[in-house]
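What follows is one chain in structure tokens, specifically the form predicted on its own.
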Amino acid sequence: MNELVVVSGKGGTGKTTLVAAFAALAEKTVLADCDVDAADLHLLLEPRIRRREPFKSGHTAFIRQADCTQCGVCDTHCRVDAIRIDRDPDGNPTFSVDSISCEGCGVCVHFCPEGAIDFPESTCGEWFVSETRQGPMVHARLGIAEENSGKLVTLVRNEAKRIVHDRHFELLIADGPPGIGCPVIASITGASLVLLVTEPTLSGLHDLERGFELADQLGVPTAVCVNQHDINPSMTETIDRECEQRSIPVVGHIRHSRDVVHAMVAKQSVVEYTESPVAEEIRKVWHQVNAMLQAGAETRA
């Protein structure tokens, strides 16, 4: 199985646009939207949900009022000020846990002398297995202000791999999250190829360099695509030189085009929507990426 993960230093560089186009150009592929904090691949592919499951991770403390003796031990030991103290109508203190502040460490549960604090597993979001016009897709939705996005990414990725195996597919394409944090590490570790999508700006170059360092530490083969290369030709040249110095292949340059926006409005990938020059450039990027995937598979064999 080949696994391509498309990532970027920040959001809005066009990685989802490329993933949707690659899905249309590839044959027998499974898709995974690993950008669980802000998933948007579904906007272009209109998935039909076949399976949905809750995502449970971490714990939140809950004080049972009937058993609480208001001793205050939980408040004494809580280091994140998650214990809320109110007053009942008679003026007596009542203790409860602020679920937003609680970090699920379990200290209050351990020290409560009455055993009056429950510690249930938290439901942080949902994950889905869907069918799209380009094939099966695994995606997810993390709840607002919820943590453990790296764990959810791993779940999405593993489920997508299972589908690849069960259906005898040969390719998994993942729309990865931006940045270099835990969700990105969970997305690219062990991938066949990481495609870093950047834009010709100073911040784009900086983010690209951070992406290089992360991929190098994880030992993942890397390629680069410069999106909207024509908005700053001199910076595009700088990025090309940086990639050359690092021996990282630049698989293509994609121009700025309103056709990309029009395709999004039509809920289509660019290569489905038009045969314009920008679509041809994306096709060339895919051919280069696919060639690298095939070469890597032959090397591993």
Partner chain sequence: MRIVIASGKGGTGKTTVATGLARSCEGDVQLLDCDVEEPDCHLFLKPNIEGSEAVGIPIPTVDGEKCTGHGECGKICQYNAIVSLGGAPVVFPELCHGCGGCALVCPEEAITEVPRQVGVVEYGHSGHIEFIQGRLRVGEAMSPPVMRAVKKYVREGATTIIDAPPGTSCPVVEAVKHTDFAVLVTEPTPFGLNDLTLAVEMLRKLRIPLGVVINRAGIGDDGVEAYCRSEGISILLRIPYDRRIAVAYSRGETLEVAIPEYREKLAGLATAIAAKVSS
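Residue numbers count along the first chain shown, from 1. Take the two forms, superpose them, and find the largest set of C-alpha atoms that agree within 1.5 Å; that set is the rigid core. Everything numeric here is computed off the predicted structure, so don't read it as measured data.
Omitted here: the form predicted in complex with the partner chain. The next part is about that form.
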Query raised in the report: Out of 97 to 105, 219 to 227, 125 to 133, 166 to 174, where are the residues with a heavy atom within 4.5 Å of the partner chain in the predicted bound form?
Result: 97 to 105
**Report entry** Contact label in the predicted bound form: R79 to the partner chain, heavy atom within 4.5 Å
**Finding:** yes
**Report entry** T189, heavy atom within 4.5 angstroms of the partner chain in the predicted bound form
**Finding:** no
Query raised in the report: Looking in the predicted bound form, any heavy atom of H206 within 4.5 Å of the partner chain?
Result: yes
Query raised in the report: Given that the partner is absent here, does L43 sit within 4.5 Å of the partner chain in the predicted bound form, heavy atoms only?
Result: yes
Report summary line: Exactly one of T238, Q70, N232, S276 comes within 4.5 Å of the partner chain in the predicted bound form through a heavy atom, and that residue is N232
Requested in this report: Counting non-hydrogen atoms within 4.5 angstroms of the partner chain in the predicted bound form, say which of L142, A160, V194, I117 makes the cut.
Outcome: L142
Requested in this report: Pull the contact list for 23 to 42: residues with a heavy atom within 4.5 Å of the partner chain in the predicted bound form, in sequence order.
Outcome: D37, A38, A39, D40, H42
Query raised in the report: Does superposing the core leave K161 with a CA shift of 2 Å or more between this form and the one not shown?
Result: no
Query raised in the report: 2 Å or more on the CA of T76 between this form and the one not shown, with the rigid core superposed, yes or no?
Result: yes
